[in-house]
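Shown here is one chain on its own, the form predicted alone, set out as structure tokens.
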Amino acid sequence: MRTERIVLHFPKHLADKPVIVNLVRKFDLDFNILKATITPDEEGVMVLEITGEEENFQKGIQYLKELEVKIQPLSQDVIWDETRCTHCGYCVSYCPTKALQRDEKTYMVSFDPQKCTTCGICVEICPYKAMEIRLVI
């Protein structure tokens, strides 16, 4: 079983097509939409968590590529600027997925992009602007 969070960039000719439904029907994949910006006749971006058997997962990804959907790991769009972070820990209590955590011995904050859902709370509350989300549309 494989679970992965990815960012899909839809070309505008697919904005009104049942692409994600086909992932479920044709490849028996489960999905959770974490964030989406899709408007008819415009390019769209969707942050998705996909779960399924490895073979079905690969076939589903191939299906998306054949439709000209650009695929990238979520970690490429979430940026933690450690040079700006003062490790104050303010963001840790607000992070719903615990992607941001603080080591209780060293008080250093760490970021795990695999747990991040790009909710954007950290971007809004960080007083030092250490977090950034770059979902390119």
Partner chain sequence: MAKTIEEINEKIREGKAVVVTAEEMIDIVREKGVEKAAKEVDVVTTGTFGIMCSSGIYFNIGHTKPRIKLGGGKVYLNNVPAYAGFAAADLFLGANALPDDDPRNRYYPGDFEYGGGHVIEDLVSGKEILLTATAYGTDCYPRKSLNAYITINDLNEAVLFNIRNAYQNYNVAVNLSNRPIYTYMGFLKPKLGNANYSSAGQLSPLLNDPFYKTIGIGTKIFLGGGIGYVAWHGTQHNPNVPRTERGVPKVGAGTLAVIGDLKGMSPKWLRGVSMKGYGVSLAVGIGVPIPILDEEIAFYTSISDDEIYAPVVDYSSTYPNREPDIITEVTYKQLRSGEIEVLGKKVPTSPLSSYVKAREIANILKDWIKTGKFLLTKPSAPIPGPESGIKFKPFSGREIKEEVKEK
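Here the structure is a predicted model, which means the values were calculated and not measured. Numbering follows the first chain given and starts at 1. Under this definition, the rigid core comprises the largest set of C-alpha atoms superposing within 1.5 Å between the forms.
This protein has a second form, the form predicted together with its partner chain, left out of what is shown; the following refers to that one.
K.L.:
Only one of 22 to 30, 82 to 90, 55 to 63, 42 to 50 gets a heavy atom within 4.5 Å of its partner chain in the predicted complex; which is it?
P.N.:
That would be stretch 82 to 90.
K.L.:
Establish, in the predicted complex, whether 71, 97 and 111 all lie within 4.5 Å of its partner chain, using non-hydrogen atoms for the distance.
P.N.:
Checking in the predicted complex: none of 71, 97 and 111 is within 4.5 Å of its partner chain.
K.L.:
How about residue 18 - does it come within 4.5 Å of its partner chain in the predicted complex, if we only consider non-hydrogen atoms?
P.N.:
No.
K.L.:
Going by its partner chain in the predicted complex, which residues of 98 to 127 come within 4.5 Å of it through any heavy atom?
P.N.:
Stretch hits, in order: 102, 105, 106, 107, 108, 124, 125, 126, 127.
K.L.:
After a core superposition, would you say residue 109 shifts its C-alpha by at least 2 Å between this form and the one not shown?
P.N.:
Yes; residue 109 is a residue whose C-alpha shifts (by 2 Å or more) between this form and the one not shown when the cores are overlaid.
K.L.:
Answer yes if the CA of residue 51 moves 2 Å or more between this form and the one not shown after aligning the rigid core, and no otherwise.
P.N.:
Moves: no, less than 2 Å.
K.L.:
Would you say whether residue 25 is displaced between this form and the one not shown, judging by a C-alpha shift of 2 Å or more on the superposed rigid core?
P.N.:
No; residue 25 is a residue whose C-alpha shifts by less than 2 Å between this form and the one not shown when the cores are overlaid.
K.L.:
Since the Cα-Cα distance for residue 49 and residue 124 shifts by 3 angstroms or more in the predicted complex, is it a contraction (closer) or an expansion (farther)?
P.N.:
Here the pair is farther apart than in the predicted complex; there, closer.
K.L.:
Just to spell it out: taking the C-alpha atom of residue 124 and the C-alpha atom of residue 31, is that distance smaller or larger in the predicted complex than in the structure shown here, given it changes by 3 Å or more?
P.N.:
Compared with the form shown here, the C-alpha atoms of residue 124 and residue 31 sit closer together in the predicted complex, by 3 Å or more.
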